[in-house]
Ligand SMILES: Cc1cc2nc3c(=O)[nH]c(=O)nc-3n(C[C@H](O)[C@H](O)[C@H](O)COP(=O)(O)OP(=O)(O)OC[C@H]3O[C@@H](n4cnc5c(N)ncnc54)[C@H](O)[C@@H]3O)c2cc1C
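Shown here is one chain on its own, the form predicted on its own, set out as structure tokens.
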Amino acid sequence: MANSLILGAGFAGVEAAIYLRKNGHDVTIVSDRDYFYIYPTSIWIPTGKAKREDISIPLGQLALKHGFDFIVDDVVKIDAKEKKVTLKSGEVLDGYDNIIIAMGQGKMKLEGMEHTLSICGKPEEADEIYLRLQELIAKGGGKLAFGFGGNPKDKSAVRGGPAFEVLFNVHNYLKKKGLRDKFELTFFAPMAKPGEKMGEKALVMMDKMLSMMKINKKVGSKIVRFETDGVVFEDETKLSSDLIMFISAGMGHPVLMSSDLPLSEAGYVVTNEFNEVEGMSGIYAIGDSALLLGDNDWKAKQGHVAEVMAKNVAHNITNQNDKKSYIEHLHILCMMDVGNGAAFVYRSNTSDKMIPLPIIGHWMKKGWGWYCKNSKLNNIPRIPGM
């Protein structure tokens, strides 16, 4: 059977490894960390409801369960045409039949980014948000700002959901502690209608939630820079804050942008609907590394789409005459947790909905986190379609 090299151990990379192994292929993963991190459940780290080890799976455990090899190192160069990958250690990997690029994406840089923390960045940043919040609680209060940015070159690169989730979780956390009135919470974003990808119904409901929770809103003005004590906007206003959580919009991964791969204007790898890089035999791009096809303006890079791409690539490598496309799976699907409940969000070409699920929604997302971890470790069966 063919041997495949997978660059990245996120949702796309791990899923591709699992399904290629099921098809009997030899697989090696290269990752810059020695664990798989379940980002959707990291939203509970800032309030102490979860720790990093709770939402991580060591690659060694996954490798043992599924029979793949892994290398912990940074990828520094990709020569796609020659099928060569150079690592930070100096090792050059070649001789693979297939190279699957699943390295995620880079982040757009704004002035003063060092003064912000992100729930979608390095896992250590979620821990730092928790520590900073505890310091402010010990002081008796403070001003907290939660926001996300956009990429005008690719609207699919926005990560807005986790910002709302952390914001609402912090609100309910402080409320439970009897300290909510000691904190000023503000949501901010440069676009006029942040969250509109989820649909008009969701947009209306989000505004109602912000109002009910007495959360301030600053939207529709470009972010100029971040400072130690706040956010400065193009309209010459400043949002004062003791803690800034900001999810920057995505762009192409720096290593990919210096490669010989075909890239979109925003730096994502251009593939066909089967995630093949055309003109480069055996080269694939999946997950956040790949440009999303489709002409709708609400499409978004999400974990379930990354996993569909991964499964399809594993299938297509094995079944060249019966290829599967990911296009029909392009929809927004998430359980937006608020700490004491959740809202089910769905968006497709024909439908958009946001359904409040008090109490049970929170436990449904908790259950999904448990399922994700244990199903990937083969401790429980996979549910078809998940």
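Keep in mind the model is a prediction, meaning the values are calculated, not measured. Residue positions are given as counts along the sequence shown, with the first one as 1.
The protein also exists as the form predicted in complex with this ligand; that form is not presented, and the subsequent description refers to it.
- The three marked residues, Met103, Ala306 and Lys365, each reach this ligand in the predicted bound form, with a heavy atom inside 4.5 Å.
- For the residues Lys311, His253, Lys197, Lys155, the 4.5 Å heavy atom test against this ligand in the predicted bound form is passed only by His253.
- Listed residues Ile355, Leu333, Ile327, Ala63 were compared with this ligand in the predicted bound form; Leu333 is the one with a heavy atom within 4.5 Å.
- Of the candidate stretches 235-243, 295-303, 131-139, 211-219, only 295-303 has residues with heavy atoms within 4.5 Å of this ligand in the predicted bound form.
- In the predicted bound form, no heavy atom of Ala16 sits within 4.5 Å of this ligand.
- Not displayed here, this ligand is approached by Arg33 to within 4.5 Å at the level of heavy atoms in the predicted bound form.
- Among heavy atoms of Asp74, some come within 4.5 Å of this ligand in the predicted bound form.
- Looking at Val27, you'd find every heavy atom of it more than 4.5 angstroms from this ligand in the predicted bound form.
- Contacts with this ligand in the predicted bound form, taken as any heavy atom within 4.5 Å, map within 6-41 to Gly8, Ala9, Gly10, Phe11, Ala12, Gly13, Val30, Ser31, Asp32, Arg33, Tyr39, Pro40.
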